[in-house]
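Next up: just one chain, as structure tokens, the form predicted alone.
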């Protein structure tokens, strides 16, 4: 379960940037082709966040679909697999979306 390490890295990055803040909401983007399970991150977030600036914060996760770009026909299409085939049948596909894990925004309380 690498999601614990991923979650700890997210919390460490936030704690480094906002060491004296009380975080109330963390917005993550976890692409469907990232290989990271959002439900596992949700589970780990509460545990890994104890004693840090994100303790008690809400975690919002968006899960963008994968996007494949076909070099053979030039089409962009929804990709459900990192080894996607284009609807035209070509395997010359570059994944251009849905493979990232990003900290999109962090909201902090005014009272700190």
Partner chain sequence: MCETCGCDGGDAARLTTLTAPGDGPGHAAGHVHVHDPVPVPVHGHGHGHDDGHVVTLGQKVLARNDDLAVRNRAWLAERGIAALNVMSSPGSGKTTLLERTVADLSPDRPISVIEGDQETLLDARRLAAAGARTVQVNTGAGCHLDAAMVAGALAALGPPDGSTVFVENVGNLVCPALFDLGERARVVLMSVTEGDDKPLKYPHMFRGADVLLLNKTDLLPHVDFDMDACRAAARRLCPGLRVLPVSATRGDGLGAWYDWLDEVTAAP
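Small disclaimer: the values here were computed from a predicted structure and weren't measured. Positions refer to the first chain, counted from 1.
Although it is not shown, the form predicted in complex with its partner chain is what the next lines describe.
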Identify which of 53, 48, 36, 61 has a heavy atom within 4.5 Å of its partner chain in the predicted bound form; exactly one of them does. 36
Within 4.5 Å, heavy atoms only: does residue 87 come near its partner chain in the predicted bound form? no
Look up in the predicted bound form whether residue 78 has a non-hydrogen atom within 4.5 angstroms of its partner chain, and give yes or no. no
Heavy atoms within 4.5 Å of its partner chain in the predicted bound form is the criterion; list the residues of 48-86 that meet it. 82, 83, 85
